[in-house]
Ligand code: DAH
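Just one chain is shown here, as structure tokens, and it is the form predicted alone.
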């Protein structure tokens, strides 16, 4: 027993001498590990208690407890002398609370959603209200009531996404190929005057390239009242272009043909798709005066009411607004691209 007590006395003496030499947080932490740690000298001494004869354990245990209390008290005192930096060292480097923080990445609305809402605002200031309709349509609303007869090539199955077989179904269902279907549904349920825009997804089996996709977004406009003329249509389109793209916007109407409008025109704007390339004329959509046959299909008297309609591709407007050279970039969900817009 005398030998074990001498070892405990030596442990206490060596520990106190080594602790006095610890002059910083690193030295203090090293001492704690060496003497009070899970594999330190004090733990090793406590492990040897099991080999002590039973009649000697009280005396040895008492001395072991005294050494433990002595070393722990000395450690706490030394830690206070050094400013309590020992435990802080174990938690890693100190944090400078005055250092500006790093903002976490925050998501944002997709560019198509933002452009759509911007168009709502522009046309809303002109008195247009938003109307919506189903994406799963029927042949009657997508074609027939828009003055597109059954033999028209636009109804070919190769150019549409039919849900029902048009060869065996009288009025087959399909994914709408244009948001003009919403105009028909609005006119079926409301009487003039009316002034609406109809945004939404449309579907056509086009080959995907820089300016085409099999799914894209359109926004249609319809204004029906007495004595509406082509001048009203042209004024509306010019006001839209200059309100959205700026006073310097260059636009033009080119005569064209659509079954549901007469006269008809294509609406072009000079757009710069790449900052390093000159602007060029891009077709944004079609427009014209509503054909009397369309009015008759929804029960409007074409002798009393006139109106105009237009339809734009929202992707092309977004590409012109933000100089996006390829429509596919809008749907690749590349965060690096989306974060720039």
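Positions refer to the first chain, counted from 1. These figures come from a predicted structure and were not determined experimentally.
Beyond the structure shown, there is the form predicted together with this ligand, which is absent from this document and is the topic of what follows.
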Stretch in contact, per heavy atom within 4.5 angstroms of this ligand in the predicted complex, of 46-54, 274-282, 303-311, 62-70: 303-311
Interface membership of residue 195, this ligand in the predicted complex, 4.5 Å heavy atom rule: no
Partner contact for residue 258 in the predicted complex: this ligand, 4.5 angstroms, heavy atom: yes
Any non-hydrogen atom of residue 294 within 4.5 angstroms of this ligand in the predicted complex: no
Partner proximity in the predicted complex: residue 160 to this ligand, non-hydrogen atom cutoff 4.5 Å: no
Contacting member of 218, 147, 236, 211, with respect to this ligand in the predicted complex [4.5 Å, heavy atom]: 218
Contact assignment for this ligand in the predicted complex, among 78, 155, 204, 185, heavy atom within 4.5 Å: 204
In the predicted complex, residues of 282-304 near this ligand [heavy atom within 4.5 Å]: 286, 287, 288
